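Quick heads-up: it's one chain on its own, the form predicted alone, in structure tokens.
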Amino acid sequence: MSESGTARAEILRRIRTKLPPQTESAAASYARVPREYTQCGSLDHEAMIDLLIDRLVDYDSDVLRVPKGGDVSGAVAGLLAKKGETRLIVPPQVDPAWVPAGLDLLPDTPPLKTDAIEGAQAVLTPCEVAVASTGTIILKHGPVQGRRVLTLLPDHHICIVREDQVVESVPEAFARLTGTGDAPLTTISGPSATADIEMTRIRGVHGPRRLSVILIGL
């Protein structure tokens, strides 16, 4: 949506009127930002994958490792079977080899209506990049990883992560995202959860109650 005519555009206009006149380009200003923090991890591949798994499990996610060329659809089927789930949303360009047979598939072509998405039990997507140090998975929304709403309303998100998509640090993840376009991003660190004033943890308030990650080996 264009900024023109929106409340966002008005807020940005007011902010800009209060800022001093720009004497350099935004790119030049961005380049001057000090970046003395750690830019690159030091772990070897297996240690980095172990760290990601440790973080994901700590966040109450299910994690499965499948060797390259292994039975991904079988792993997906096993995760769905745990809760008797059969209604699965699949974004348009998800690898069909990952999708088990015998399910009530809900392809998002044409785009599903909200009540159909709410009626799904699970969604299957790949990811754009995963960060081992924080246990964070980043989605870039489009035909491959689906619209954002597809990963918010179903109760169970199954996310496929290739091990060559895993980096150790957040700066490395953003370096991989540079130049990949302006599609919306979602960062996921475990199932959606929040806690009330008595620190009672409740899952599924803002997104899926279950996150399952299938790691495909190199």
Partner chain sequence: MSVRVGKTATAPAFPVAAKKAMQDDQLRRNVHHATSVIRGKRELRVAEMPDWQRLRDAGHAIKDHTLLYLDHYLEMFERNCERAGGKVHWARDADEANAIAIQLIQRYGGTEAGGIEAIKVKTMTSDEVQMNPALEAAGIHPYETDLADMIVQMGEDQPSHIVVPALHKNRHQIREIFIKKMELDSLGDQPADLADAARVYLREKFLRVKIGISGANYAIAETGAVCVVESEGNGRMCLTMPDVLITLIGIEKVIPTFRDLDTFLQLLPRSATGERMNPYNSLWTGVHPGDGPQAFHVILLDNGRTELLENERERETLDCIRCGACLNACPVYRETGGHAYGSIYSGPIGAILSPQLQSMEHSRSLPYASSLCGACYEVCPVKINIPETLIHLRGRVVRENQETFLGSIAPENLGMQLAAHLFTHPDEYEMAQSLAAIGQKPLMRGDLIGPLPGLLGGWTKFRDLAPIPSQSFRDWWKSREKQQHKEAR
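Positions refer to the first chain, counted from 1. Model, not experiment: these values are computed from the prediction. In this text, the rigid core denotes the largest set of C-alpha atoms whose superposition between the two forms falls within 1.5 Å.
The next section is about a form of this same protein that is not shown, the form predicted together with its partner chain.
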query: Contact at D71, T109 and G217 by its partner chain in the predicted complex, all three, heavy atom at most 4.5 Å; finding: no
query: Residue contact check: D155 to its partner chain in the predicted complex, 4.5 Å heavy atom; finding: yes
query: Contact of D95 with its partner chain in the predicted complex (heavy atom, 4.5 Å); finding: no
query: In the predicted complex, R147 touching its partner chain (heavy atom, 4.5 Å); finding: yes
query: D50, heavy atom within 4.5 angstroms of its partner chain in the predicted complex; finding: no
query: Candidate stretches 159-167, 62-70, 41-49, 186-194, one within 4.5 Å of its partner chain in the predicted complex by heavy atom; finding: 186-194
query: Those residues of 119-142 which, in the predicted complex, come within 4.5 Å of its partner chain by heavy atom; finding: S133, T134, T136, H141
query: Shift of R203 between this form and the one not shown at or above 2 Å (CA, core fit); finding: yes
